[in-house]
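What follows is a single chain, given as structure tokens, in the form predicted on its own.
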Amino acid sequence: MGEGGTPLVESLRIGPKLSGVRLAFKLELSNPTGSYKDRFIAAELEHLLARGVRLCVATSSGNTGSSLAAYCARHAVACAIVVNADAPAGKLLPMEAHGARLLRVPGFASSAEVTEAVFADLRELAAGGRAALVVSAFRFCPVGMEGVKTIARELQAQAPGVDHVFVPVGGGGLFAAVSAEMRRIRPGTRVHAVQPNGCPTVLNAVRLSKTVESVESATRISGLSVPFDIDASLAVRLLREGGGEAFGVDDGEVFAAQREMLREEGIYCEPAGAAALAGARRAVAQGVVKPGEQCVCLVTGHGSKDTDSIRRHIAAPGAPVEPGGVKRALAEWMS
């Protein structure tokens, strides 16, 4: 459906204020359903169709489900998707519009216990052979995740000398794909993980030099709330081997970065799509990124996926103006 080939755009206003850092944004929100998950679903569904699969069950915080529902509708594959009960309406609406069966489960994606129980049920169903389990993780769908590696190959062509790439981390699959492929094609690039402090699976493992343990998620960043190990262990290993850093960011920092991108770069992203910028800011402040170095932030999802987060950046809706009052209203605004 035209997935991939997303633009890399130079930062015109934020970057110049970051101590001489050359900053660019990889706009994964330009994919057909508005997120990088289209790369994963396109590769995974091609694989499943070749096997004759006509029924999928999946888990999603929103973007995987939106993408899966669209591609399944196009190829006449039935799909059912388990989502967390408070998933943003902007992510649920496309799933329903494309005909997916939705199951909203309280505690899914925030409670490790509930999330693990749901996965156990879905694995059991998939093991029966009637349906394929679709999860955007190497642990479950390694063929589909190969499609995500194309991000790194595009970056190599678009920014051959890039020094740092910042990747939002939820389950860890996106980071693992980009880190592994970038290390293969350009070992000199450091790929960094950015994760909310409210769901620190990777952060805790890196900071405390231990294995990944389940957590209770408290983050409000939709898409980055994955409270147990899906691909987190793989991400931690690749982070350590590749020389990247793990940056923890507060939700407030992410929302502030989203506002900056909306107001100063014209990039209409959801909060998870702004997390990389929040991490890049921390990296600059800590001296990890030096003046003159080139940084790329992955902007993973479109703002239409979480309109509530967009509304928080709007002071007040436009007030009605009588036809004869336009000139006066604009004159007041211009003064």
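Here the structure is a predicted model, which is why all the values come from computation and not from measurement. Residue numbers run from 1 along the displayed sequence.
Not pictured, yet referred to below: the form predicted in complex with a small molecule.
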| item | value |
| --- | --- |
| Listed range touching the small molecule, judged in the predicted complex by heavy atoms within 4.5 Å, from 278-286, 49-57, 293-301, 66-74 | 293-301 |
| Residue (of 182, 224, 165, 100) lying close to the small molecule in the predicted complex, criterion heavy atoms within 4.5 Å | 224 |
| 4.5 angstroms heavy atom contact with the small molecule in the predicted complex for residue 272 | yes |
| Residue 61: touches the small molecule in the predicted complex, heavy atom cutoff 4.5 angstroms | yes |
| Contact flag, residue 173 vs the small molecule in the predicted complex, heavy atom cut 4.5 Å | yes |
| 4.5 Å heavy atom contact, residue 109 and the small molecule in the predicted complex | no |
